[in-house]
Every structure is written in C-alpha cells, then in structure tokens.
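Structure 1 and structure 2 below are two forms of the same protein chain, each written out on its own as structure tokens.
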Structure 1
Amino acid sequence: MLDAVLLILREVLEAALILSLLLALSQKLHLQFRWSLIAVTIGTIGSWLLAHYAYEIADAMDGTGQELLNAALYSVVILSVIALGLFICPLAFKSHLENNLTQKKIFASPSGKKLIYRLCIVIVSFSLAREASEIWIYLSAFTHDTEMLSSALIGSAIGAGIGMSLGASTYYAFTFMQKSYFIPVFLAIITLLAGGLSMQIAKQLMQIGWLDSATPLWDSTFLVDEHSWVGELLYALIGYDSRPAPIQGIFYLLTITPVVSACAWHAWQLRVKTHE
C-alpha cells in the first residue's frame, strides 16, 4: 500500500501543483476558469489512451517509443511554460500603475487572453495525460488480483487525496498573496518546474542511449533519498534527482535561461527608469 501511496502522490502532486498555479494565475489576472475544464477533460482522455496503447507505444521505434513519447510530452509542456513566463514577465517589474496599464494592454485584445488560455490548456492537458497514464497502467496490473487491487486502490486514494489537498492548499495560498509578490513567485516556481521536467527529458534519452550518462555531478542521497517521502515531493516540485548527470544539468540551465534572462532584463530596465 505504501508503494501505491508514494507512486500516486508523485504523479498527482505534479499535475495538481501545475493546475493550482495556473488557476491562481487566472484568478489574479481576472480570467475565466473555463479553460481548466477543457484541459482536465483532454488530459484525462489522453491519459487513458496512452495507458490503453502503452504496449504498442513501448514497442514502437525499436523499443524506444515510450521514452521518446515522454520526452516529447515534456518538451511541449516546457515550451508552453517558457512562452507563458515570457508573456507575463513584464507584469513582475512594473510599478502598481504601470502594472495595471500593462495588464490592460496585454488583455486589450482577445488574442492576449486566448494565448494564455491555450497555453494553460496545453500545459495542464499534456501534464495530466503523462502523469495520469502512469496511474492507469499501475492499477491495471492488479486487475486479476482482487486482494492486491483493493490494497492498491486504497493506497491510490490516499496518495491522490494528499496530492489534491496540497494542490488546493497551493491554490489558496497563492490567491491570498498580493499580486506584486504573486507574479515573481509564480515565475520562479514554474521556471523550476520546467527545469525539473527538462532533467526528466535528459533521463529518458539517457535510458535509450541517445545521451551519455557520465559520472553524476553529485550524490545527495545521504541528505534526501529521491525514493523517500521528501524525495518524492521534491521530485514532483522541482524534478529532484539525487544523482544528476552533467547532461541533466545542461538541460536544466538551458530551460531556465530564457525566463531568467527576461526577468533580469526587465529588472535592469526598471532600475534604469528608477534612476532617471
């Protein structure tokens, strides 16, 4: 049962955290939540399809289909997160008056809202499809053993409940946060999430031999084992790996660079205006 709790918690928490952050962003920017229903529906259907055709996918591309598909799904999420971060980045480095004017300018035309809606739908649906498919596959392994299935379902319910509770807590914590603090914190968290996903892409490609898995940069297992409760939480939050390969570090830096660079540029522009 404990294995089920940890596995389901890891899969649910990552998707729940992403959904909660984007819902909080919608609330802060006074956008409708309709996109979330579309994203969850697409993600749920997509997860079932991925699980249903899991064997066919795994056998494709000379046995590398699953890893390549995972890398592709992560890549789409990362690119969408970067695009969203770059789009809302100006809101984090403006005075209160300028912030309101910038926000009105961004959403003056329907295209601005549509872009955010579409990015949110892609991020949530692709993340949910990837994570929930693992849950379908895990539970399907116990369909022929009633006793084991019962234990797995109970563990899954506990893990899902913890994950969704943490997601809900995240949403309310961010909705009560002042907008002047919310946007920078939001950008920091989604950038870390994207960086963590990029490390998973590198790991998938290392597993099929497309990338070289050299000597790890460090080994932090003695501090936090990635298979422990804390490690599973950190894995879901920032893609924690206790023994990351150098190529994973490169992927991480390349992923966070666009948003970090944009934030640095806007911060420098704000400093220049302040001293004029």
Structure 2
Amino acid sequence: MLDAVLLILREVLEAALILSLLLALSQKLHLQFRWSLIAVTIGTIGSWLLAHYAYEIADAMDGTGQELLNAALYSVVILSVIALGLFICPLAFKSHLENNLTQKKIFASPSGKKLIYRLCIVIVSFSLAREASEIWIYLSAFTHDTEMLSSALIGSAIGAGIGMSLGASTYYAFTFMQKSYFIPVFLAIITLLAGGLSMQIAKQLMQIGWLDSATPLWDSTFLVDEHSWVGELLYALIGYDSRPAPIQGIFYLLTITPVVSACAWHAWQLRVKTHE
C-alpha cells in the first residue's frame, strides 16, 4: 500500500502544484475558476486514453512512441507556459497605478481573458493527462486480484489526498501573498518549471538514442537526493535533476530565455521611464 501512496503522490504532485499556481493567479487577477473543472475533466479523460492505448503508443514509431508522445505533450505545456509568462510579464514591472491600468487593458478585453483561460486549460490538462496515465497503468496490474486492488486503491486515495492537500496549501500560501510580490514569484516559478520540463524532453530523446547523453554536468546527489522528499518536491516544482546531462542544460537555458529576456526588457523600460 505504501508503494501505491508514494507512486500516486509522485504522479499527482506536479499537476497539483501547477493547478494551484494557476488558480492562485486566477484569484489575484479576479478571473473565474471554471477553467479548472474543464482542465481536470479533459486531463482525466486524456490520461485514461493514454493508458488505454499504452501498448499501441509504445509500439508506434519503431518502439519510440512513448518517448515521442511524452516529448510532444511536454512541448505543448512548455509553449503554453512561455506564452502565459510573456502575457503576464508586463504586470511585474509597473507601478501600482499603472499596473491597475495595464491589467484593465489586458483583462477587460474578452480576448485577453479567453487567452489566459485557454492557456491554463492546456497547461493543466496536458500535464495531468501525462502524469495520471501512469496511475491507470499501475492500477491495471491489480484488476485480477481484488484484495491487492483494494489495497492499491486505498494507497492511491491517500497519495492523491496528500498531493491535493499540498496543492491546496500552495494555493493558500500564494493567495496570502501581496499581489506585487505574487506576480514576480509566479513568473519565476513557471519559468523554472518550463525549464525543468524541457529537461524531460531532452531525457526522452536521449532514452531513444536520438540525442547522446554525456557525463552529467554535475552530481548534486550529496546535497539533495532525487529520492528524498525535498528532491521530489523540487523535481515537481522546478524540474530538479541531480545529474543533468549537458544537453539538458542547453534545453533548460533555451526554454527560460524568452520570459527572462522579456522581463529584462520590461525592467529596462521601467528604468528608462522613471529616469525621464
């Protein structure tokens, strides 16, 4: 049962943290929460489909289907996170009054709101589908053994419960934060999160031999072990890897570049304006 708790927690944690971050953003920007229901529904159905067709997916493209599909799912989430980051970015570099005006300009328009809702739905549903498909596959092993199935299901419920409460705590921690702090912190976290996901793409491509792995850039296992709780949490939040390959580092840097450059540009603009 403990195995099930840990496995499900690992799978649920990332999606729960992403969901709570985006819900906190919605709360700060006075947006509706209805998108989250749509996202969780699509994500759950998607995860079931991925699990149901797992054989076919794994066999496709000369046995590289699983990795290529994962890489594609990661890419969609990363592009949506970057788009959201670029959209939110101006809010982090304005004075309070200006900020309200910018926010009104961006979010009063239905198209601006719609864009945010759509991005949030894609980010959460794609992340959830990928993560949760593994849960269905795991549980499918126990369908012929009712005793083991019930134990695995109880374990899963506990794991999912812990994951969701961690997500809820994250949500409340962020909603108590002042908006002027929240936006920069939010931007930093989602940028690092996208970087972490891009390392997973590199990993998928190394696994099928399309990219060559080399000696890891560093080994920080002595500092934070990926097996440990802190390691798992950091992995879910910013894609922590204790032994990243050099190519993973390149993917990370390329992914964080757009939002980091946009922030730098806005910061520079703000400086120019305040000096005028």
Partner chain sequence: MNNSIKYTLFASLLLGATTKAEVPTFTLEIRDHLFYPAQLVVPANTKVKLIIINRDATPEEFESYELNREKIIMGGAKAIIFIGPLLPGDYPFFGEFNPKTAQGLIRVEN
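If you superpose the two forms and keep the largest set of C-alpha atoms that fall within 1.5 Å, you have the rigid core. Every residue number counts along structure 1's sequence, beginning with 1. Just so you know, these numbers come straight off a predicted model, no measurement behind them.
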{"item": "Number assigned to the form predicted in complex with its partner chain in this pair", "value": "2"}
{"item": "Post core alignment: Ser169 C-alpha displaced by 2 Å or more between structures 1 and 2", "value": "no"}
{"item": "C-alpha of Phe182 off by 2 Å or more between structures 1 and 2 on rigid core", "value": "no"}
{"item": "Cα displacement of Val122 between structures 1 and 2 reaching 2 Å, rigid core superposed", "value": "no"}
{"item": "Core superposition result - C-alpha of Glu147, shift between structures 1 and 2, Å", "value": "4.4"}
